[in-house]
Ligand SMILES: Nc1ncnc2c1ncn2[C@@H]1O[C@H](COP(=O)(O)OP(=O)(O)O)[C@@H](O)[C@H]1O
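Just one chain is shown here, as structure tokens, and it is the form predicted alone.
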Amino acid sequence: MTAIIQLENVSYRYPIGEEWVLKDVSLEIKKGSFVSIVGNNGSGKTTLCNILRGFIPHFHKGELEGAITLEGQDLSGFQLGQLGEKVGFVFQNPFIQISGVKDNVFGEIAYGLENLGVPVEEIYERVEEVLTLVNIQHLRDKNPFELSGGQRQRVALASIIVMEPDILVIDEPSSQLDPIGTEQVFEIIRLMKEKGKTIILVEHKMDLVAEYSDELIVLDQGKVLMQGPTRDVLADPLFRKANIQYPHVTEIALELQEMGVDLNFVPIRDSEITTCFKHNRGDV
């Protein structure tokens, strides 16, 4: 896969900040991949997301160093409107993503397309398709402000998906959801990955990260500590130094290894627990 986003030696600090929030960050994100960004509070995850969606330097000013390219072009050469068509952003809090100018879900999802001047017939077709994809047809006539948190998050996702961006940047979508709502949202994200979208996810629930991600980017105090395939990163002893929680099955497996239990591999998903153990034919 070719790189769709590249950062080379990127550092950033906010206008009123003395400290660099990101420090000499270099990374690349491949087209069509599912990449999760993990790190503790204050590691720079949100700032990195703001760079990836162009809010830095177009909206947030401050001091930005290094090179950022999108599809091989300097990110600073894009206007925010152009970036909005290429990079869709889903906020951590679905309550602030609802526009407030429409009184039903259908209109809320159609709002972005209306702003782009998309023909009415095409708007109807695209919104109907997304309502079905996200499985919220039954909410089409509901007021967005009368929905639950999980329902609003699905509407927020639908309002971005309908714009058909190539890249989705999603900031902790499960932070305010119950397990059922979380499962529904991640099923939508999985469908987007299957459609060839590039997914950039910030998420603290490591079981979900391990289940879905192709690659991990580990941030630590504004620096990229690690980047690579999810299994390789989680199995690397360096990951422990970041003091980030492992997926539960991985944590248990590593503890067993320390106790002398031989494993075929370090599992990162619950479904792997039955195949990771070595069995001796002499065992009963």
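Here the structure is a predicted model, which means the values were calculated and not measured. A residue's number is simply how far along the shown sequence it sits, counting from 1.
The protein also exists as the form predicted in complex with this ligand; that form is not presented, and the subsequent description refers to it.
With a 4.5 Å cutoff on heavy atoms, residue 276 does not count as touching this ligand in the model of the complex; it lies far away. Using a 4.5 angstroms limit between non-hydrogen atoms, residue 231 is distant from this ligand in the model of the complex.
Mapping the unseen interface onto this chain, residue 60 counts among the residues with a heavy atom inside 4.5 Å of this ligand in the model of the complex.
Contact check for residue 41: a heavy atom falls within 4.5 Å of this ligand in the model of the complex. Stretch 46-54 is the contacting one of 27-35, 241-249, 223-231, 46-54, since its residues have non-hydrogen atoms within 4.5 Å of this ligand in the model of the complex.
Contacts between stretch 168-194 and this ligand, counted in the model of the complex as any heavy atom lying within 4.5 Å, involve no residue at all.
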